[in-house]
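The chain that follows stands alone, in the form predicted alone, written as structure tokens.
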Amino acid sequence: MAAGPSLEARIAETVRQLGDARAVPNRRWLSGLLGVPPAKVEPWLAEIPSLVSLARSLRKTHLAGGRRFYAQFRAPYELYALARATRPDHIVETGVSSGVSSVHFLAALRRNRRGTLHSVDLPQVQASAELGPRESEVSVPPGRSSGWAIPPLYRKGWDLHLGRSEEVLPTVVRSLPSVGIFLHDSRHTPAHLTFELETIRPKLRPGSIVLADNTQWTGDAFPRFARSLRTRVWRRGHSDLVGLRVPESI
């Protein structure tokens, strides 16, 4: 009997269906954030092929929304694996756009059968049916809202808050007993990232994961926060997506 496709081939097919070659999971980054040997992350990566239908749905919805190439979050499968491995009660993210990061968090929470994703977003809406040459690809198509590509099946456990992070995030964080995972993907300036990190700091616990994208624009804000927690920064390959794991004593 011929062997079926390898795990790597099935992961590659899921990535292909999503339509973003950057989404190949980075094992070293994942194992560093979780504080385990690379072999220990394999059970979570083995679940990625089960997300192939979700990948197809996201790609189809993006194309229907005029996003032939979409500037989506580059590490959705690591988000899924982090949420599966740590089984957080509460995940907080700032920045949603079409919902690529959101839906992979939600897919993990659905499989965990526990947890809530709290998302904060101030959507930019494109002016007409077609994206203008000077408009950002993270803009929301007319008639849609933040998370417009998330299938209805995955919306359970999603707590979406629309508004400026400066106004909404403190209220959301105060209402939570803890934050197991935090993802910054909103306005990328040193001051704003610092604000968000300091806002979630009181609710972080040992083992909490903190992530920030597009740190090429945020200067020393994330490394400084890591130093204050006496932990290291893990960079995803050569990209500007970084993360840290809160140490046992904070």
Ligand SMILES: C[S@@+](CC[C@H](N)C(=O)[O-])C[C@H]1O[C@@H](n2cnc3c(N)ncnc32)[C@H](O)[C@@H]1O
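Residue numbers run from 1 along the displayed sequence. Every value quoted in this text rests on a predicted model; they were computed, and no experiment measured them.
What comes next is about the form predicted together with this ligand, which is not displayed.
Item to check | P123: touches this ligand in the model of the complex, heavy atom cutoff 4.5 angstroms | outcome: P123: contacts this ligand in the model of the complex.
Checklist entry - So in the model of the complex, does R187 come within 4.5 Å of this ligand, heavy atom to heavy atom? => result Because a heavy atom of R187 falls inside 4.5 Å of this ligand in the model of the complex, the answer is yes.
Next on the checklist: Under a 4.5 Å heavy atom criterion, is G115 part of the interface with this ligand in the model of the complex?
Outcome noted: The answer is no: G115 has no heavy atom within 4.5 Å of this ligand.
Next on the checklist: I'd like to know whether R164 contacts this ligand in the model of the complex, with contact meaning heavy atoms within 4.5 angstroms.
Outcome noted: Yes, R164 sits close enough to this ligand in the model of the complex that at least one of its heavy atoms falls within 4.5 Å.
Next on the checklist: Please tell me which of R27, H192, R201, R56 lies within 4.5 Å of this ligand in the model of the complex, judged by heavy atoms.
Outcome noted: None of the other options qualify; the answer is H192.
Checklist entry - If you check V100, V172, A107, V179 against this ligand in the model of the complex, which one has a heavy atom within 4.5 Å? => result None of the others qualify; the residue that does is V100.
Next on the checklist: Let me test this: is every residue among L197, F222 and L244 within 4.5 Å of this ligand in the model of the complex, going by heavy atom positions?
Outcome noted: No, none of L197, F222 and L244 comes within 4.5 Å of this ligand in the model of the complex.
Next on the checklist: Using a 4.5 Å heavy atom cut-off, which of 107 to 115, 88 to 96, 151 to 159, 127 to 135 contacts this ligand in the model of the complex?
Outcome noted: Every other range fails; the passing one is 88 to 96.
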